[in-house]
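This document starts with one chain, in the form predicted alone, laid out as structure tokens.
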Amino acid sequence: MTADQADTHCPYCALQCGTRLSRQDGAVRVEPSDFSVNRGGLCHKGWTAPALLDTPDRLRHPLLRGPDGRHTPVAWDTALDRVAERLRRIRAEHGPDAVAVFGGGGLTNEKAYLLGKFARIALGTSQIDYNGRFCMSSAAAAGNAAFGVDRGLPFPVTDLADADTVLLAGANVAETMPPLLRHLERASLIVIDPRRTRTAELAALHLQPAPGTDLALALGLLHVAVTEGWCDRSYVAARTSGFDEAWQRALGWWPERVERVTGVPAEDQRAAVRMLTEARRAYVLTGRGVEQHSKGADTAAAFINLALALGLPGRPGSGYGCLTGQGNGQGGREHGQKADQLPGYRSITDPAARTHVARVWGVDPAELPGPGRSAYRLLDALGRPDGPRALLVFGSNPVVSVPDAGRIGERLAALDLLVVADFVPSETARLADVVLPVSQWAEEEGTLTSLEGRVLRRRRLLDPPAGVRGDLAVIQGLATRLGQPAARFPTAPHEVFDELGRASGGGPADYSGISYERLDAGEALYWPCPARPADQAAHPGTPRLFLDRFAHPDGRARFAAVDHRDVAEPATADYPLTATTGRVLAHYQSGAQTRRVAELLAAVPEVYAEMHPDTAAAAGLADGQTAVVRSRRGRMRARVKVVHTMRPDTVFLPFHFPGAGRANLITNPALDPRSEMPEFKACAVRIGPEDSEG
């Protein structure tokens, strides 16, 4: 049953702005609701989101690739039978780990949960990960180590509205989540970014380090805080451990040395710390610019160290947080899509966690596989002798979004079977042997978890087109064909959510006290929200973590002893520039959705390369000319965009575009040893005109 109106949330970023959808004169209309995070506002993407629902190339029938390479529409039973038969054959010949699953941070909690269960029970494979590994894994690793739990913002977004000073490190919120600016109007902003972004233009202080030097800068800020008497010694003594070891690493990073490494003036470093310490309410927030490095976890940890030294985390009106990117980037990593996790943010290697989840699933704990490969390692292993021979992709477009994309394209082509579930023919879907058309955001029920740890209801306005199924039905259809009972893989979202609650109960991300009934009644529920006995009042949820204690057994936060190291691929004489990638206001992720919205594509129709005028001139390039950008891995083409505020040693590339304009053809897959995050933000390149060798 559908409705003429539905209160739901935007399908894009993790801010999850509240929206109201309605049907008027045969068209879907959207307007912002008075939800806490967007306060009646939306960004350009949110306003145009309904255009996705009837995009002309919407997938409406399952497709099979024939011997001639062309896709042909087939019936659902034909498609699912073909997939199941080939999966059975591959598993029989090569073992369960010959089949892999790749998920997405935009999937609802229900889909993410059931996909992880499907991989580990129906397929018996350890080979599952998701594109959220490329989004927030470094901050997750640092947050877990420091606080004992990972929640992007351990406080409501609305708390930021009372801030006096906010430090934004590697976060361009004016373009990636513009409604957040409504909560930052009162604050003095300190922005750390190699580019003079739209966010940096709003800042009281812009620190512009060389790409890949954020860790040195964070160490320098800690040095200033300690040596100039701004460290909150009483807080450090009462609520933390490990300060002395962390300080020993930061001791050698005095401001003038940091200036030589980063390019950020020593006086600006001191000014930044002074602004934070003189504020009654201060926050340190990090984003992808901090994380997407081969040392991203250490860099995030260094900013946490700074926040701890200043006494911010767990203090009412102040704190540290990470700005999660994808729509369900928080919930998507909590319930089983990651290679090393079980539902409730439990470790897959923890015997107690395995026993708990296996009991909910009705299987022997010994049947659960162990941890598998992380995202890039998984994709790079495809089709190799010891790697997966089949891949099922839900909610991701790795052909565009993965570093060293040319190499990963070769791995996808080496598979015996590639299956993609999507609602548009993404670049990855075009390579698939089987394409399964699935429903969109306005056509489904479910939940998502925002960057502040609040569980939200997605509500349906429309039925999906004839011939389109929901992801839960697709998962059940495959599971039953692989011998699983249908009841083990329910298709009703509320049933899946209830089971997710039981599976997460007692874990760090405990949803067991949350229900559709409570959410539909308008309760604002943040995890952890454990179930309580029937004779007790329901748990109210936990909007603010760490007010009394951190999640480690001793209740203390942990400083991390980290030190600066160079990027994995420094600039050289042959590759004298550093390329960094990022998002722009009009587009989202791989662009598979936003490039199909006419207004958004008109705003930014093609990839471009931002560079300083002197950089362009030295390469024989002019504004508007097509440049070739080359790294050791490949080359891509982009329109030159001369920007006077760019660092002369840096080139910026948005990563939303396909084909020869893929920024990820050149990016470096060097991985962080703790988080397995690739180094999207820094690779050595050279540039030149299109008809040159660069």
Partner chain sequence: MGIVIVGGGPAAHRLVNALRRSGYGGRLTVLGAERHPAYHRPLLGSVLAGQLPPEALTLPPAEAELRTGTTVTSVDREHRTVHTGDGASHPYETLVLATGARPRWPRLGGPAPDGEPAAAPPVPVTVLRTLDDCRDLRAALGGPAAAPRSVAVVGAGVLGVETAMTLRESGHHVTLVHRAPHPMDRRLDATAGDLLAERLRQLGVRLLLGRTATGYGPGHLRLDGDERLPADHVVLCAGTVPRTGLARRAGLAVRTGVVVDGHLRTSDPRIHAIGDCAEQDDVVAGTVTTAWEQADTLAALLTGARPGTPARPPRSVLRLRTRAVELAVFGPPQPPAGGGPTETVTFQDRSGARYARLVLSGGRLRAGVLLGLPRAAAALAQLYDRDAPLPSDRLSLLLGVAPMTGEPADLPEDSLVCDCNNVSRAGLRQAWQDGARDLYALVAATRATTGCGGCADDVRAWCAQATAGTAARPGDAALCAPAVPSTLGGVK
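Every value quoted in this text rests on a predicted model; they were computed, and no experiment measured them. Numbering follows the first chain given and starts at 1.
Just so you know, the form predicted in complex with the partner chain exists too; it's not on screen, but the next bit is about it.
Within 4.5 Å of the partner chain in the predicted complex, a heavy atom is found for not a single one of V149, S347 and G505. The partner chain in the predicted complex comes within 4.5 Å of no heavy atom belonging to E278. The partner chain is not shown here, but in the predicted complex it comes within 4.5 Å of a heavy atom of P32. Residue contact with the partner chain in the predicted complex: E259 places a heavy atom within 4.5 Å of it. Using a 4.5 angstroms threshold between heavy atoms, L42 counts as touching the partner chain in the predicted complex. Stretch-level contact analysis of 54 to 62, 645 to 653, 625 to 633, 663 to 671 against the partner chain in the predicted complex, using heavy atoms and a 4.5 Å limit, identifies 645 to 653. Only one of E495, D77, E410, E228 comes within 4.5 Å of the partner chain in the predicted complex through a heavy atom, and that residue is E228. Among the residues V264, V393, L342, V399, the one placing a heavy atom within 4.5 Å of the partner chain in the predicted complex is V264.
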